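One chain follows as structure tokens, the form predicted alone.
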Amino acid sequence: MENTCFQLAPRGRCAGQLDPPGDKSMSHRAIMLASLAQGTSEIGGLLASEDCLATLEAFRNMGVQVHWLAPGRIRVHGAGLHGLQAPDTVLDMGNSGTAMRLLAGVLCGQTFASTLSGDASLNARPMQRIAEPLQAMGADIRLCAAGTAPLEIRPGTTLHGIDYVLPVASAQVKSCLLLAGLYAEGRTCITEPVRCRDHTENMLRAFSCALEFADQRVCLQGGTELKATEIDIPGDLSAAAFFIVGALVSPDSQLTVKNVGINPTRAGVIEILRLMGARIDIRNERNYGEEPVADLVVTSSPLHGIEIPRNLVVDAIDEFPALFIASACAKGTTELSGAEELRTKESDRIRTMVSGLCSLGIRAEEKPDGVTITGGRFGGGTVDSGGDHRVAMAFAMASLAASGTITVTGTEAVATSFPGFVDTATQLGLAFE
């Protein structure tokens, strides 16, 4: 992959109207469940990023017919739970941990062998967290010695339901096991230590799968057939978060974000920014199926440092690169703890973000499970994104509060989640050189 960079002049703006791309997490899940359902489904608002297209291609390789009706809208002819065909190649999930972990749950219930792999970054991420409970369900899934992909999955005995307590809150592990539970005999129940994103549960219900809930526990009965439906995917709050922070830290800016998902298990970024003094108004609340959606009006705001509440960490885990930029622009010190999961993302996001902040003149210190950031003024300089799409987009926003040009290297991965990022940012006022 060609090494690319962003170069941004200081003191741009972030104002106007943002129509964020479709939610990446929901796009993956919609493709998967539509492929496993009985009948023909239509999905609107689909994110056509490299990550989601990898998921789509995997199901095409297993015999699922997909037709593009318009940009962002597809028709999926579901194969049913037991209608997938053996792929004739390794299933390449690119850079997507969501795709690999969720699809592993599906593949463990098939009667054919398969192999899941990805790029160098994905093949370095931990997969033991899904392999152990899948093996406890009876799956024959094998990892590399380091506990990483490629994952080899072989047809074994019939899966059986499991009553599993997640050692660490993880929507990907929970979702993987629920999808495997569709193929298992008996009930599969997952208990979370703290609530984490529930897009899989919402989408399973949209495809007519009955679930039982009690406190932080969800159960489903194996063998439940999914029924085709029509899904509209909200705008991605994780993608919008960069521009929300950009509008907050650039002077005299107001940004309207349209049709964005505000699922409470994902909206921690809004709560954290409001605690820092951000003016974010939520308007026109409504639902897309099971998912809450709204418009946001974001106005430039003087931010102040806070101790980020631990109960909001899981609900904002993907948005911390953007939140670190907000913290660097805030008056005082921001403390984050309980976020060790950031070290296992596309990069070690604690180390990569701290290194970048320091290179631009901000005081930032690593902790094993978080950071301490003292607000200041960004200077110019060069930042290595570590090939991490969210880090790259976050440091683009730093240019809005910088005194000199900022160059961000390793930005090619941005296409995995937000292929139109540069065009969108330019239209809103960022000054790409």
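Quick note: we count residues from 1 along the sequence shown, nothing fancier. Since we're looking at a predicted model, the values are computed, not measured.
The following text describes the form predicted in complex with a small molecule, which does not appear among the structures shown.
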Proximity to the small molecule in the predicted complex (heavy atom, within 4.5 Å), stretch among 312 to 320, 279 to 287, 214 to 222, 357 to 365 | 312 to 320
Have a look at T188, S347, N95, Q172 for me and say which one sits with a heavy atom within 4.5 Å of the small molecule in the predicted complex.
-> Q172
In the predicted complex, does S25 have a heavy atom within 4.5 Å of the small molecule?
-> yes
Give a yes/no on whether R73 approaches the small molecule to within 4.5 Å in the predicted complex, heavy atoms considered.
-> no
Going by a heavy atom distance of 4.5 Å, is H77 a contact of the small molecule in the predicted complex?
-> no
